[in-house]
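In the block that follows, a single chain appears as structure tokens, in the form predicted on its own.
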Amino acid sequence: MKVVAMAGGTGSAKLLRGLSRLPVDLTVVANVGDNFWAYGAYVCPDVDIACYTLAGKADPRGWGLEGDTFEALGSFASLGLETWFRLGDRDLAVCMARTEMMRRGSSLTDATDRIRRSLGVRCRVLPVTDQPVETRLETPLGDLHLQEFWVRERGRPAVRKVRYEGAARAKVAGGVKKAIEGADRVIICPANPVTSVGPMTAVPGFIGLLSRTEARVVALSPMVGRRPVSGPAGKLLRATGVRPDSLGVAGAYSRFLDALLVSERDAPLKSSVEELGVKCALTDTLMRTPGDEARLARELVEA
């Protein structure tokens, strides 16, 4: 079975680990909306956490490499640079290598492929687009990049509006188009619908690919009740006028979604989700152990 997983963030990384243990041909399509320039390097957090996780080298905190050191960050601080965006030394080396590859003419897709191969990752990891797309938030503190909002400001400012800068000029990467057209299943990981899935669907043509594919498109809701399992999804769904629960997620994806797995605690929402034309299955959606990751991966493949 050919499976395409749309991924962004730590919840997605856990599910990718489960999917990688199944006998499937896996391709990961990663969000680029949180890509960010830091310390002169092009940082791709969702691309990298997918690669690090699939390589078995991710830090348990959900970002960076396990056992990394922070000598460079200390030197940056001593030189008076802001260091709120924490990159370990080996993580920074990956970002610097990607920057150099792109400076020499490689696309983000090609640079990502070289990085994942160097880490020993067997499945394909593809950025959704090779063009720059940034998730920007309008707040009382001004216009903030997602990293400034979530990392520097710890998600505290009110959010008035979300936009995906550069998305209108972007193109779906060729490898992504081919993967979705040839897939048997497209799985939307339990990523933030606004900041991980939203930048992908904002790229012209991407929703059309999902709508036309013969693959079954299934998703794992990142919400339990009106709270996300992690991250600022609830706050950002409200800011974009979407209900901050699994019914809101179903509505946001309904144009292309066939089935949604939601928490057993959200059983009262099942009939409302299915009124949208989306099959709704109830399960334990929390990934506490590797067994949970594998179980949910199987349920999604079979949904």
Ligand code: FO1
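All residue numbers refer to positions in the sequence shown, first residue = 1. This structure is a prediction, so every number in the text was calculated from the model and none was measured.
Although not depicted, the form predicted in complex with this ligand is the subject of the following passage.
Contact check for residue 63: a heavy atom falls within 4.5 Å of this ligand in the predicted bound form. Put simply, residue 109 is far from this ligand in the predicted bound form: not one heavy atom of it is within 4.5 Å. Among residues of the shown chain, residue 278 is not one whose heavy atoms approach this ligand to within 4.5 Å in the predicted bound form. In the predicted bound form, residue 91 approaches this ligand with a heavy atom inside 4.5 Å. In terms of contact with this ligand in the predicted bound form, the residue from 97, 151, 123, 141 that brings a heavy atom within 4.5 Å is 151.
In summary, the region of this chain contacting this ligand in the predicted bound form, judged by heavy atoms within 4.5 Å and restricted to 181-189, 114-122, 157-165, 78-86, corresponds to 78-86.
Taking a 4.5 Å heavy atom cutoff to this ligand in the predicted bound form, the one contacting residue in 21-35 is 34.
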